[in-house]
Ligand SMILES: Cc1cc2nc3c(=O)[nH]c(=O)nc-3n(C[C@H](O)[C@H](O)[C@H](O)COP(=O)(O)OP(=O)(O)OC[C@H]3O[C@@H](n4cnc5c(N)ncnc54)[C@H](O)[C@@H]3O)c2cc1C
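A single chain, nothing else alongside it, follows as structure tokens in the form predicted on its own.
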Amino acid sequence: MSSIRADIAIVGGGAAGVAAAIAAARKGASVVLIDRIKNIGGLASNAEVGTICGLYRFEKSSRFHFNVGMFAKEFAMELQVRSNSAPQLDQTGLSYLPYSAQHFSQLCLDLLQEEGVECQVAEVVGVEAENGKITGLILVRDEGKLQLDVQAVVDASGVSRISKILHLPLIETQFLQSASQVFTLANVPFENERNLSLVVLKALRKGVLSGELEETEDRLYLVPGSLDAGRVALKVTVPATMEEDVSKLDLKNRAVKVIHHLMEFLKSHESAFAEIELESVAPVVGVRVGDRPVGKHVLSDLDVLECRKHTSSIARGNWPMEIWSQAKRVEIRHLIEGDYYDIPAECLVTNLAENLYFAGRCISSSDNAIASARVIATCLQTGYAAGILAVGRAEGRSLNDCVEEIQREQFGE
């Protein structure tokens, strides 16, 4: 088995992992980013999420007030230019930034190359540890196994990959949120997204009431900002139960079946949709939550809903709890208007492995708290912070020292 070494290993190539890799590299560390999928960007690219949520403070009277760390802000502004998009406001006062999945992936790749980050298309199958400290990862690539010797690790896998391999305690998901599958339709004869959404919802509800559609088949949503020149992206929820052992392939197959059923229903029941065509289906189904590691602090429901502040804050949360239930349409639990919550550094660290850090959907949090903190803007922030913390550990610096650096550089504090 061949071997290489790096100061910092980042597991996961989504928004959080990319941010962590860039942060560590900018501090002079040698960095290897590992992901099973070659196309960088995680769910933001491969599930074609389509909007960056959580960038702006929740203020109905004042639009598009950035309230995130400097890296997340700069990333979003560059992506906005590349995607030729603009922030939008929905009827409830929530602001978000539409983007192109292709441009998201390319921006991530450009930044990684600029900072000299090495990317490995591989899966982590083993972790070497000694006296509570990770010393190396075992990777499986097409070319064979590879040993990666490291000084610190950031788990931004979205599935708590490193904690599971090390058999560390996990916060098990008690409430399984519906996955989602994004797809794109062509020949859509609408110019206004709100009108299109109302017509679609009315038709689907009629289908459910008549028994022609299943109760869950009215959970179809437009991807905001995607309607353009007769094309629109939509996402359909994919139901599953806690008792089912469902693979991502199974979820995708279920989703594609639902998509075709809904298309045929709309074409035959609404004259406006008679000519619609299925243009594409996103490569990956979007799984919203999974089991998370137990950190020194567990971000709680009250941390989010009461907009609590922490002296060790490394990220700001602006997005509401977005509960994608199996039994009903999405439920939104808003933050206090004009306010935000802090994510403390202790959500990114554990007492059980001194050089392991969490980011993105892997931070230590309750089921409902991660339903807010999992959005892209927050993942960019926790990822960047985790990269700084990992470098600090490799350099022998204290957690408090690193937190002060993050607050100073990212928030001007």
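Numbering starts at 1 and follows the sequence shown. Values in this document were obtained by computation on a predicted structure and should not be read as measured data.
Another form exists, predicted together with the ligand; not displayed. Remarks below refer to it.
This chain is drawn without the ligand; in the predicted complex, the residue among Arg254, His310, Lys73, Arg288 with a heavy atom within 4.5 Å of it is Arg288.
Taking a 4.5 Å heavy atom cutoff to the ligand in the predicted complex, the contact residue among Glu128, Glu123, Glu275, Glu337 is Glu123. Contact check for Arg219: every heavy atom lies farther than 4.5 Å from the ligand in the predicted complex. Contact between Ile52 and the ligand in the predicted complex is found at the 4.5 Å heavy atom cutoff. By the criterion of a heavy atom within 4.5 Å, Ala16 is counted among the residues contacting the ligand in the predicted complex. Using a 4.5 angstroms limit between non-hydrogen atoms, Cys347 is distant from the ligand in the predicted complex. This chain is displayed without the ligand, yet in the predicted complex the stretch 33-41 from 33-41, 63-71, 348-356, 384-392 comes within 4.5 Å of it by heavy atoms. Residues of 141-168 placing a heavy atom within 4.5 Å of the ligand in the predicted complex, in sequence order: Ala156, Ser157, Gly158, Val159, Arg161.
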